[in-house]
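Listed next as structure tokens: two forms of one protein chain, kept apart as structure 1 and structure 2.
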Structure 1
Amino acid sequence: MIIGYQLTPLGRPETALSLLELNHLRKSFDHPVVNGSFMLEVGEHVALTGPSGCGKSTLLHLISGILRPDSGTIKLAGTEITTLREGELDLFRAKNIGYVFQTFHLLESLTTLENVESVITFAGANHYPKARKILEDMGLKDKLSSFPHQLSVGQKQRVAVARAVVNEPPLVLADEPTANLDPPRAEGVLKLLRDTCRRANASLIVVSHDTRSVQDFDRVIDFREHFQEAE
């Protein structure tokens, strides 16, 4: 669901409109972790790189509203999310942000289909047939009733991506989706993620500590340079 801007029939914005704006965003724990501004265009694919533990995941948590910033603003699809109350923020996140976690974090008690359908329920929508279609399109027709422990790593990746895009969110966040994967497999995950987001016209931010695997993204940003030294 894309709010606040116009799409051409091809699904691309007429002009480069910003989907996400981070202004003077600051978050500290015992030391400043995130400190900077950033803008993401509609449909843009950005890779955030940097060593493990530098704060990349914290930035994703701020963007998704899981963490509240100490200061600064976060405007996503025209909505200033730092002003939303917690309940509003949860629903906003369900509708507008797709999340792919480092180890996919599929819900172990749910089947493949239920994992994807659940986020439709969380978003208050009812386009359940779409969950089945996406999974079938990803070659998981025979695995709809399988539980995560019955899936291969590759199949889990596809379910995680399907779950992230089933609500057609304008923004997909992927936190180290290639961690612990060998290069060919990492490349496969990123390709799947990017292709799927491109088809869904979703912007994508991928956090990765491996700069080689994200070379062909629209932008590759060094997290420490941009968010820890810029301001």
Structure 2
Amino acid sequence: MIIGYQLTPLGRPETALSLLELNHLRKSFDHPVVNGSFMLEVGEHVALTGPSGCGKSTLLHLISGILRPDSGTIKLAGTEITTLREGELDLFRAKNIGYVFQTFHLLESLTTLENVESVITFAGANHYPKARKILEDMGLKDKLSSFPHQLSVGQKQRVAVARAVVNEPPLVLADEPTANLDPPRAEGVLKLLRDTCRRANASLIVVSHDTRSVQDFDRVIDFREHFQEAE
């Protein structure tokens, strides 16, 4: 199975820049969940659509190194991440991948601002003013000192998005980033994600069950169709 399709033929000119390459990637649980190859260009924005349980989130976990594949390779920014040890992978992920999780993964003991600042610290950077600015841009100026239990579901989602993009990584992965937001907020979050990635020439992969919200992405891939073709 090929997850998606090539923007350019296999014999593409050398000027085409590939950020992410998945080759013969396979992951199974009680049945094959991910099985295929995929290429993402520098600065490209891709949406993966399909119902829950078809393998979209598993693919993001493989790309980020949260899960290890059964076989195949994952090369990001020229680094084969499947060969990295856990400590090396953690640091590589902090510097190169921003991740918006479905369940937020906010640290309950930290404030909104501290949650975003924490990923700056972990990446060994010091651009802390950017954390405040991006949260204010997302309408959370009055929630900077609030703890996660004091935030609504939609507010937690926006904090999670801010945390993913604050380091301007070359790759941002977002797992249903607008699932808990009303339409105006959802549109704003997607715009923030895409605008931030464009400014940094970063690539973006968004998982979504709502095909309407991602129609203007560079590619919209029906994950289920490609997965079914593999069986």
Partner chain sequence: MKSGSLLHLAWRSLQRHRLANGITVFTTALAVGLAFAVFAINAQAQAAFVGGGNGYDAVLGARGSQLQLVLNSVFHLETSPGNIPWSLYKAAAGRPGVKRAVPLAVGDNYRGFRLVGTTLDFFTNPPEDSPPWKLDNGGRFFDPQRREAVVGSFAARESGLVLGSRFHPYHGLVFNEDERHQEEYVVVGILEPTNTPVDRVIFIPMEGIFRMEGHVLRGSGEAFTAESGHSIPEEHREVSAVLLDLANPQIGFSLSQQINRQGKVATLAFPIGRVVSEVFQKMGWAHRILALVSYLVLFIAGSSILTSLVQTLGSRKKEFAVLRALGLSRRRLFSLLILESSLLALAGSLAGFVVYAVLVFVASSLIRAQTGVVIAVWTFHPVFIWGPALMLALGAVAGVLPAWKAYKTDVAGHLGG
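We call the rigid core the largest set of C-alpha positions that still match within 1.5 Å between the two forms. Sequence positions of structure 1, starting at 1, serve as the residue numbers. For clarity, every value in this text was computed on a predicted model and none was experimentally measured.
In this pair, the copy labelled structure 2 belongs to the form predicted on its own.
Hinge residue for the rigid-part rotation between the two structures, picked from V42, N35, L60, P169: P169. Domain rotation between the two structures, with the chain taken as two rigid parts and C-alpha atoms superposed, amounts to 16 degrees for the smaller part.
Taking the core as reference, the Cα of H127 moves 3.1 angstrom between the two structures.
Relative displacement of the H149 Cα between the two structures on rigid core alignment is 4.2 Å.
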